[in-house]
Structures are given as structure tokens and as C-alpha cells.
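Below, in C-alpha cells: the form predicted on its own, a single chain.
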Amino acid sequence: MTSPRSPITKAVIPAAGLGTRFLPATKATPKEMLPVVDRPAIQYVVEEATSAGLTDVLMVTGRNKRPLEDHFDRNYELEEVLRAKGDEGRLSRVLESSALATVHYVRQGDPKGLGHAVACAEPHVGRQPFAVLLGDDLIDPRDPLLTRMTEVREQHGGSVVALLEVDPSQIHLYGCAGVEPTGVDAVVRVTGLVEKPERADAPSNYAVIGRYVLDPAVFDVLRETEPGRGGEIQLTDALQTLAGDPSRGGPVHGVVFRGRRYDTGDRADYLRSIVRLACEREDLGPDFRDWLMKYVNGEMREIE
């Protein structure tokens, strides 16, 4: 087990999924590149990582994911066109993505689940603690969830997962954590984890959402983790092993998140996320909210 105070500088972002829920939009475009207002979803995730001090980002990709690499690389031709036009505003936004972090890439190859994607990061991460951020969950920058999770890791060692209280009828959609209190508000000790349980079998209504801070011992456990639900290697199963035997890599704690989260995992939630974020933008919000109110109230005969 590494020292609880080992600095966390590396983030792993699994991005090998096919995005089938968004077909045909994702036939040729990675789902991570779908725009959320005027930035691709993946950029929000990288910005969150860097805001928490994680400046070394590894993306675990698959086939047809080259646009991810292009987005975080320089585009000299476009930059020169904007510079020649004196369009400093757009130039700044174009340069922003390539300056966020040092971004690396590894191919997952045969996709065998989230646990397998995380295991692919071992050669890059080594024996250091690291964070995993899933692209379907966007966390509002005003709610520094990842920073709080790294603080809990520094205090307790081991691994930390992000938890969200959901309606019991929805728990079958998530990994679910059994927990016990620690005496600290919004921090719990995880006693067990199960992937997408039926409502009657769920140990709680605490759902695991897409943020993890992991001890490198998870790699050792993943190597011996058999395929679980859906025939895939589940990260939840590896964390269950660590929670049941802290001697292998420290305890597992959970940070209960009560902030603003934008779920881009399905079409309806994706649309809600865009509307919420657009409404809060200073440059777009006032006019957009006015238009939206008129539309909802049926005051517009024609949509332009």
C-alpha cells in the first residue's frame, strides 16, 4: 500500500465506448466529442481533473477515437487563420484545450469492461495513487468533488469512490455501496459494493457515480478479478475485494456528493445538461432563458 500522502497527479479517463445510445450521431464521431453547449463533453472532464491538480491525463481509447487526440493537440492552420483575422477570442478558446494538461493515450483493444480499461492504465500509472473520471458524469466546477476525494485519500489512504443518494427504484442502474458512518459529514466507510443490484438486493440507495481515487493495489486485484455482470471485468468487483480486505490496499471510503451533476449518459439527460449549462452561462443565459420561458409557455408560434 502506498503512503496516504503520496501526491495524486495522474488521471485516467476511459474513452473506448461505442456510444451506441447516441447512434447515428456516434457512427463516425466519438460520444466524448459530442458538444455540450460549445465544448465537447470530454473537455469538461479534463478541466475538472486539472482543477484538482491532476496535470497528467491518460485516455484509454479504442478504434475511431482519433478526434480526441486531435482536439487536445495544436491546430496550427486554424490558429493562423484566427490570428490573421485578429479573432483573439476564438483563438484563445482553440488554444485552451491543448494547454490544459499533458495528455497521453493507450488503446484498450478488446473492450472487456471498466475494470479492464483501468487495468490498461497500469504501465503509465505505475505504483502511484490515481484518479479515474468517467465522461458520462460532468461535475460542476463550483462543487470540487475530486478535490474533496483526494483529501479523504490523504487522510485515510486506500481508495475513495463518489456516492450519490438516488431513489431506490433507480439503484439497479448503478453500482451500489454498503456503508457505515465515519463521524464526518458526507464521508462514509464502504463495507461492500455490488454492480447494478435489483432493488430488493441493494445494500443501500448510495449509487457509485463516475469518480474514483484509487490505490495502485487495485491493479493487483484486477489481475485476478473474473468477469462479472455482463461478462465484463467490473471495477466494482475489484473495489469490493479491497473493501472486504483492507490489508491488500487500504480501506475504501465514499464521499457523498450533494452538488451539481450533469448526466450525459443518455439522450434525455444529455439534452437536460445542455439546457442547464446554457442557462447558467453569462454570455448565453439571459437571452436563452427568455427564449426558453416563451417556448415552454407556448408563446412562440414559430421556432426559428
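Keep in mind that this is a model prediction, so the values were computed, not measured. Counting begins at 1, following the sequence as shown.
The following text describes the form predicted in complex with ligand G1P, which does not appear among the structures shown.
Colleague: Out of the stretches listed (150-158, 99-107, 209-217, 73-81), which one is close to ligand G1P in the predicted bound form, meaning heavy atoms within 4.5 Å?
Modeller: Within 4.5 Å of the partner lies stretch 209-217.
Colleague: Ligand G1P in the predicted bound form: within 4.5 Å of a heavy atom of each of Thr50, Met59 and Phe130?
Modeller: No, the whole trio is out of contact, none within 4.5 Å by any heavy atom.
Colleague: Can you tell me if Leu114 lies within 4.5 angstroms of ligand G1P in the predicted bound form, counting non-hydrogen atoms only?
Modeller: So Leu114 counts as contacting ligand G1P.
Colleague: Closest heavy atom of Leu134 to ligand G1P in the predicted bound form, within 4.5 Å or not?
Modeller: Because a heavy atom of Leu134 falls inside 4.5 Å of ligand G1P in the predicted bound form, the answer is yes.
Colleague: Taking ligand G1P as it sits in the predicted bound form, is Glu122 near enough to touch it, meaning that at least one heavy atom pair lies within 4.5 angstroms?
Modeller: Output for Glu122 is no: heavy atoms all beyond 4.5 Å of ligand G1P.
Colleague: Does Thr236 make contact with ligand G1P in the predicted bound form, using a 4.5 Å heavy atom cut-off?
Modeller: Contact check for Thr236: yes, within 4.5 Å of ligand G1P in the predicted bound form.
Colleague: So which bits of 163-196 sit within 4.5 Å of ligand G1P in the predicted bound form, heavy atoms only?
Modeller: The stretch 163-196, when checked against ligand G1P in the predicted bound form, contributes Tyr174, Gly175, Glu195, Lys196 at the 4.5 Å heavy-atom cut-off.
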